[in-house]
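In the form predicted on its own, a lone chain appears below as structure tokens.
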């Protein structure tokens, strides 16, 4: 028999045509869906190539009439069977099932492919006249010996199968086992891989997950993944708890914080009483479990700035000693410097140009520090708030919502002021102002300005004229008003604003 005839005969016996078609289709689909390429595909490709080599060797031995042809034929068909199973597994688990979004655990895939390989190899051996009864008897004895000697390994294997079957712990879950906290990235036969926030990968034996308690963080039936966090702070007894809680909760809920859930809303509670201070806690729900410390820091910053605006300092331990005695001269120097700073801020506000120096000084004494951290809302469009802000350091964005679209219309820097309409007329805020960084402001309440107008009611008219001029200048830019239209708008607004100021301040 010639080599060519022998090669064709061997190829026909082993269905090489169908095998080649399967090989090409699997490679084509794996290339078409690279994100779903199965991990068994490379090994199956090598097995297919090896069986082709064995096919050529078998044909050569058959052409030469060598007696070892049966052994090489058996090896070639066993290798081909393994390649068939591997290619089928790659096609099923790497291409078809992912497109149907039917998840199959990795261990279950291994079991299916392994069982199929055993069945197919057994069929090939049976066709070649190999007695399987003796092989099964021997394998049972070997299995028993291996089972006794590898109890821990088998326990880990069964544990991994159980974890993937019942879904109690899934890839992507954040879990806590003892002192280890991390994200499950892989469940293998022997271990479960957990990546911690410290950039470590911890391999936990599956048997330990089956025997001991495992906390799955952020999981609750029927609820989104979010985890409650605690941020602690202390405030002196001199400040009533309702004031502390109201200031903190208002700041936390006024503007969203990255990775903090809106529902349930963050809340502040008084947790304990100590010798000289109350122990408070902010409870919030974290949406991205990987960002616990950065989000805690953002919440602490929001709390600190809220307390500073409310002029509520964090507590000082009762045993603290002040070893520096502040002289009266130093106190007076600090007070005078702070007052000059306030007066300078007021003099930069065109609105207060008609005021005398003594009137400006009274307003300066009424200014309150109002710091804000990045992302906080200073004023909200449509809200009723009767005060004016003077921006000393930092910058803020002015945003206007119209027809459901929120648009930034201006940026405010040091020396800017805003909220004058609410201060003078009590009108709702016309825009939302958001801090773009940590900023320093002074806030002037309507009560202080009411006291000034009660002393000098005649100030209302020039201030109303200044407000009207500012509004007319803005309208001239946004609406394209000419000089005459601008003048008429200013006169109309001046009269209207003067009436509103008289009504608001009851002049």
Ligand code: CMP
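Between two forms, the rigid core is defined as the largest C-alpha subset superposing within 1.5 Å. Residue numbers count along the first chain shown, from 1. Predicted, not measured: the structure shown is a model, and the values here were computed from it.
The same protein also exists as the form predicted in complex with the named molecule; that form is not shown, yet it is the one meant from here on.
Colleague: Name the stretch: of 259-267, 413-421, 222-230, 119-127, exactly one has residues whose heavy atoms fall within 4.5 Å of the named molecule in the model of the complex.
Modeller: Result of the contact check: 413-421.
Colleague: Can you pick the one in 362, 188, 283, 429 that has a heavy atom within 4.5 Å of the named molecule in the model of the complex?
Modeller: Exactly one listed residue reaches within 4.5 Å, namely 429.
Colleague: Just to confirm, with a 4.5 Å cut-off on non-hydrogen atoms, which of 373, 192, 79, 379 contacts the named molecule in the model of the complex?
Modeller: The residue from 373, 192, 79, 379 that makes the contact is 379.
Colleague: Does residue 390 reach the named molecule in the model of the complex, with heavy atoms at most 4.5 Å apart?
Modeller: Taking the distances in the model of the complex, the answer for residue 390 is no, it never comes within 4.5 Å of the named molecule.
Colleague: Would residue 433 count as a contact of the named molecule in the model of the complex, using a 4.5 angstroms cut-off between non-hydrogen atoms?
Modeller: Yes.
Colleague: Please check if residue 470 has a heavy atom lying within 4.5 Å of any heavy atom of the named molecule in the model of the complex.
Modeller: Answer yes; at least one heavy atom of residue 470 falls within 4.5 Å of the named molecule in the model of the complex.
Colleague: Verify the contact flag for residue 210: yes if a non-hydrogen atom of it lies within 4.5 Å of a non-hydrogen atom of the named molecule in the model of the complex, no if not.
Modeller: Residue 210 lies outside the contact set for the named molecule.
Colleague: Just give me the residues of 380-410, first to last, that have a heavy atom within 4.5 Å of the named molecule in the model of the complex.
Modeller: Heavy-atom contacts within 4.5 Å come from 398, 409, 410.
Colleague: Taking the rigid core as the reference frame, is the Cα of residue 79 displaced by 2 Å or more between the shown form and the other one?
Modeller: No, the C-alpha position differs by under 2 Å between the shown form and the other one.
Colleague: Under a superposition restricted to the rigid core, does residue 424 display a Cα displacement of 2 angstroms or more between the shown form and the other one?
Modeller: The answer is yes; the displacement is at least 2 Å.
Colleague: Honestly, after the rigid core fit, is residue 467 moving at least 2 Å at Cα between the shown form and the other one?
Modeller: It does shift by 2 Å or more.
Colleague: Did residue 440 and residue 466 drift closer or farther in the model of the complex, going by a CA distance change of 3 angstroms or more?
Modeller: Closer in the model of the complex, by 3 Å or more.
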